[in-house]
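Shown here is one chain on its own, the form predicted alone, set out as structure tokens.
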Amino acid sequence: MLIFTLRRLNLFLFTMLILSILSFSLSFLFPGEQIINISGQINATPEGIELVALEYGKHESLITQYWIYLNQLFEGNWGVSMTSQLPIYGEILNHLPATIELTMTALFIAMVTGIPIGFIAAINHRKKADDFILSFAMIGYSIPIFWLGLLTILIFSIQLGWLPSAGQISLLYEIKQVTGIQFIDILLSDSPYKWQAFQNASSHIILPSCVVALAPATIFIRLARTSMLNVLDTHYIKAAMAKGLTFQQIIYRHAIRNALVNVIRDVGLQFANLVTLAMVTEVIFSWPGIGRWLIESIYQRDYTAIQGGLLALSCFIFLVHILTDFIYATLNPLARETHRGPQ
């Protein structure tokens, strides 16, 4: 396990190095002055610009400039927004928790619904239930998310009036921000109306999280179906059948557990797609996440915000990949064994 951890740590450090190099390079690729693109100081005087240039080592070599840029990142100095003139690091800390809340809720919904349906499809292989589930998965994956979001707002918010169509929580509830994740902040709040606020926040997250979860759920259906079929075709399952175990005993005692491990391995690979879907959904439902903030920054040509937002999202996605690998290695010891050649 120690060797596996060291390998993942080296991979994490190497990936962070590549991401920082790409983020640093964006300041040269964007239109305009490089030092303004990296600092966001568009209203500074010529003397102020020169001070910023000295701070970032503009007159030094590229390697020195990159090293100074890394130091600025670790110190929390990610520049300021070109439009709001607010610190980028603070903006990311304000918006990223809402995206984490939305994506994690959507991932939970996708796994809880998609994996059992995929197992049902595999158990009913080549039957009508299997054909119906595969057809549903194909249709669900093909639906454009922006159309689905608008359709759910039209039906459940406007026509039926069951759920709110925008925002994270009603303006009637004043919840002090502690972690930035709305549900945790509500539970930590001393407000006498926190349970009403919790219910209101739950109603706000249902529509956007279900919209984001649809496409990943259809992928989990296919992954779970394939994994279950592979497990049912293994020798130990056939041996269990030969010993006289019933089909239900084989499924619940052996097949589900082993098939689930293989599905968890692919969760991290689907998370990048889920974050991309969440960015579009945040715009449709006015969700105050980093995806909506980043898209607005692109419209406004806020290059400093684009640079910092892409770096933050990339780090977030990769951390989920690493966490998924650790969970998979914990559940499957064979994944962390060191393979050696013949002695």
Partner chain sequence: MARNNIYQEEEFPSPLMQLWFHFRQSPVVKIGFGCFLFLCFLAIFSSLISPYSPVENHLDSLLLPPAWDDNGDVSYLLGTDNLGRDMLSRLIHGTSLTFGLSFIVVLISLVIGVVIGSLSALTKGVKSSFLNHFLDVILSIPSLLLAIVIVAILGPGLNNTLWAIVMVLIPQFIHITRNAVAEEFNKDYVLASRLDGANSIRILHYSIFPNIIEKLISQATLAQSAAILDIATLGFLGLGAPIPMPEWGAMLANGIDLFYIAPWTVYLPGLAILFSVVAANLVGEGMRHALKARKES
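Positions refer to the first chain, counted from 1. None of the values given here were measured: they were computed from a predicted structure.
Not on display, but discussed next: the form predicted together with its partner chain.
Chemist: Is its partner chain in the model of the complex near all of Y89, K176 and I322, within 4.5 Å of a heavy atom of each?
Modeler: The answer is no; none of Y89, K176 and I322 reaches its partner chain.
Chemist: Which residue, I42, V52, I68, L310, has a heavy atom that falls within 4.5 Å of its partner chain in the model of the complex?
Modeler: Only one listed residue qualifies here, and that residue is L310.
Chemist: If the cut-off is 4.5 angstroms on heavy atoms, which of these, A272, I184, L163, A129, is the one near its partner chain in the model of the complex?
Modeler: The residue in contact is A272.
Chemist: Heavy atoms within 4.5 Å of its partner chain in the model of the complex: which stretch among 91 to 99, 114 to 122, 149 to 157, 71 to 79?
Modeler: It is 149 to 157 that comes within 4.5 Å of the partner.
Chemist: According to a 4.5 angstroms non-hydrogen atom cut-off, is L188 in contact with its partner chain in the model of the complex?
Modeler: Close contact is absent here: in the model of the complex, L188 is far from its partner chain, nothing within 4.5 Å, heavy atoms only.
Chemist: Any of the heavy atoms of T15 lying within 4.5 Å of its partner chain in the model of the complex?
Modeler: Taking the distances in the model of the complex, the answer for T15 is yes, it comes within 4.5 Å of its partner chain.
Chemist: Look up in the model of the complex whether Q34 has a non-hydrogen atom within 4.5 angstroms of its partner chain, and give yes or no.
Modeler: No, Q34 sits far enough from its partner chain in the model of the complex that none of its heavy atoms falls within 4.5 Å.
Chemist: According to a 4.5 angstroms non-hydrogen atom cut-off, is K58 in contact with its partner chain in the model of the complex?
Modeler: Although its partner chain is absent here, K58 would stay clear of it in the model of the complex, with no heavy atoms inside 4.5 Å.
Chemist: What residues in 113 to 149 sit within 4.5 Å of its partner chain in the model of the complex, counting heavy atoms only?
Modeler: Result: M138, I139, Y141, S142, I143, P144, F146, W147.
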